[in-house]
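Given as structure tokens, the chain that follows is alone and in the form predicted on its own.
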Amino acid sequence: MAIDLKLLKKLTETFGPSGREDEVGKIILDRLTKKGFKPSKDVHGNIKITLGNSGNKILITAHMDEIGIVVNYIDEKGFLKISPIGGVYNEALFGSRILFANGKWGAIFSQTTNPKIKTDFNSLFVDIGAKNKEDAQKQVPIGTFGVFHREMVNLGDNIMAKALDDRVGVYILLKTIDNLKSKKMTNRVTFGFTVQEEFSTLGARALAHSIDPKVAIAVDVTASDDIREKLYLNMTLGNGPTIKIMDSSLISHPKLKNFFIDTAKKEKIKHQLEVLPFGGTDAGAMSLVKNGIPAIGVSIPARYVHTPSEMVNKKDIEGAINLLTTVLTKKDIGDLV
């Protein structure tokens, strides 16, 4: 299975911070419509399609949004002060280019000549080349959202890009839908492309509430611990997608966890077990909806998460598609809980 680099490049390079996912949504809607599906979009911007007409309701999600910034102040010289949207690492920002929603560009730097690695976000500014405050306000008004722009790069076995968190999950769902289109579904499987995971998990919560599934699955990235200082994590690039045991937002339902592991072993799908003592995904958010929804996560190990140069392995992506294609065609997944 070759990775569709053109599609993944389009997804990762498209503008889409939390709360401003429309451009990413257009790509998804256009692709699904051209393939004969009838996707729908809710008031928040979540996109969904359902395969299968009977059986247990299963919800599987990937979030469309990425981390970003918003302009909150403009000084007299026309420099912009910004606030983070999602978990932004300050130390990765110096010299980074910002692309704003209206197409304007800027560069981030610090008010100190030699910025320290641990720099307070308030000391950062964005230079858009404005003449003064009035000029800056015309170009990039307060409240304008922006993202850290980088092009996707094919590194052979690996791929490097901004927003792989979680456009790689979006890609995996789209390819899984392709695989399942001609198969007989024994469950009602809803694929949801959610908004605002990086900010509040609003999208996943709203979608899970409206669908009320018996089982929820989130596809996202996780930290890869194969570089420099050890965090004592199990996840590394190239050793397969991870089956989530737990993170700081979720302890995966034990029966779901065992089901995914047993399926991967039976089908000889290379995989890893994920125990992440920090972070969370839409799975944790969905597990708290209504009376509680049994949930689990499938993740792609990634280096440099929440920076403009995230990195993932192609075989891990392929493995996730294979695992989900197999799991979602099994009737007993919804009967486990």
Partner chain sequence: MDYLKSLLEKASISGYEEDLKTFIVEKFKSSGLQLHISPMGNILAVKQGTSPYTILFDAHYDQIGFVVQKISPNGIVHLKSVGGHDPRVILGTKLIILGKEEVTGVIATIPPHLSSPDERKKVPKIAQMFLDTGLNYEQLTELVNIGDPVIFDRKIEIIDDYIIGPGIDNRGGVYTLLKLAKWLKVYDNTATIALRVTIQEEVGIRGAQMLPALPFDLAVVVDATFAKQPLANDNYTFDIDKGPTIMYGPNYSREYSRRVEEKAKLKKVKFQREVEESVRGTNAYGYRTMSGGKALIGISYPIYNMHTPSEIVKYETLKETIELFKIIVMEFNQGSVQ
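Residue numbers count along the first chain shown, from 1. Just so we're clear, the structure is a prediction, and the values are computed from it rather than from any experiment.
Only in words, not in the display: the form predicted in complex with the partner chain, which the text now covers.
Novice: Using 4.5 Å between non-hydrogen atoms, is V337 touching the partner chain in the model of the complex?
Specialist: Looking in the model of the complex, residue contacts with the partner chain include V337, since a heavy atom lies within 4.5 Å.
Novice: Please check if N46 has a heavy atom lying within 4.5 Å of any heavy atom of the partner chain in the model of the complex.
Specialist: N46: no, not in contact with the partner chain in the model of the complex.
Novice: Examine A101 and determine whether its closest non-hydrogen atom to the partner chain in the model of the complex is within 4.5 angstroms.
Specialist: Judged by the heavy-atom cut-off of 4.5 Å, A101 is well away from the partner chain in the model of the complex.
Novice: Although the partner isn't part of this model, could you tell me whether K184 comes within 4.5 Å of the partner chain in the model of the complex, counting any heavy atom of the residue?
Specialist: K184: no, not in contact with the partner chain in the model of the complex.
Novice: Would you mind picking the one in S110, N234, T144, N158 that has a heavy atom within 4.5 Å of the partner chain in the model of the complex?
Specialist: Of S110, N234, T144, N158, the residue with a heavy atom within 4.5 Å of the partner chain in the model of the complex is N234.
Novice: Can you work out which of I269, L32, L51, L288 has a heavy atom no more than 4.5 Å from the partner chain in the model of the complex?
Specialist: Checking each option against the partner chain in the model of the complex, the one that comes within 4.5 Å is L288.
Novice: Of 67 to 75, 246 to 254, 176 to 184, 163 to 171, which is the one stretch near the partner chain in the model of the complex, taking non-hydrogen atoms within 4.5 angstroms as near?
Specialist: That would be 246 to 254.
Novice: Determine the residues of 266 to 290 with a heavy atom within 4.5 Å of the partner chain in the model of the complex and present them in sequence order; the list may be empty.
Specialist: Read in sequence order, the residues that approach the partner chain (within 4.5 Å, in the model of the complex) are L273, V275, L276, P277, S287, L288, K290.
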